[in-house]
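First, one chain by itself in structure tokens, the form predicted on its own.
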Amino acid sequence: MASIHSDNEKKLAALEALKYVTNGMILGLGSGSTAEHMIHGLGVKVSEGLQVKGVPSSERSAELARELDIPLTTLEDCGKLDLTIDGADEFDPELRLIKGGGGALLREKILAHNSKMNIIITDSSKAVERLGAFKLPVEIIPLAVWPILEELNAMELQPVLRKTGQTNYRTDENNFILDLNILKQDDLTALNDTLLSIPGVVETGLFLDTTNILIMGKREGTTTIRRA
């Protein structure tokens, strides 16, 4: 029953976020189960005459958008996005996020960085007082996996190479993902900077300052939180 309740909260948040979408917008389309609710809702609006274009953050989201006849474009062709709507694996009271559970963190961060506004949609289980119960995904170049593992182990981050069955998980960019334990890390900005300074690390799942609005499904309604 909990999963049904959670899924309903995701849908409520997704539909509330679509109220910010207006005709002519270029939209960043997030990835993950909550974002898929949003894409389905957007597909309904497009079928009713809404004119928008989407830039997907993953191959899965692109495929879903095509199935729903949502016109797609690219950052190269459109420039700045008007609005990106995406999910999160965790968020704290400062609207800092951990993302990347679905493996799309690199493209998601590129869209967030190139968007005039970012709306995050979640269910209530994603709210935490301190980030880190969800392991932090870090995307890395396959060539560098062993030296990076050694370096992160020395930092006591307990890196685990993500697998799909018996094989190493591959992102849409054909990279690997390490999942890190950051529960003991007090300065997340410093941690993010340190991780990004390691050769072979492409991007982290720490989204520390990109969120403008967060919409959380809660029971039968939604709560909207704006960045101060």
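This is a predicted model, so every value here is computed, not measured. Note that residue numbering begins at 1 and tracks the sequence as displayed.
Beyond what is shown, the protein has a form predicted in complex with a small molecule; the following relates to that form.
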(message) Can you tell me which of 152-160, 139-147, 105-113, 76-84 lies within 4.5 Å of the small molecule in the predicted complex, counting heavy atoms only?
(response) 105-113
(message) Against the small molecule in the predicted complex, would N181 count as a contact residue? Criterion: heavy atoms within 4.5 Å.
(response) no
(message) Please tell me whether any heavy atom belonging to I119 falls inside 4.5 Å of a heavy atom of the small molecule, as the geometry stands in the predicted complex.
(response) no
(message) Although the partner isn't part of this model, could you tell me whether P56 comes within 4.5 Å of the small molecule in the predicted complex, counting any heavy atom of the residue?
(response) no
(message) If we define contact as a non-hydrogen atom of the residue within 4.5 angstroms of the partner, is G32 a contact of the small molecule in the predicted complex?
(response) yes
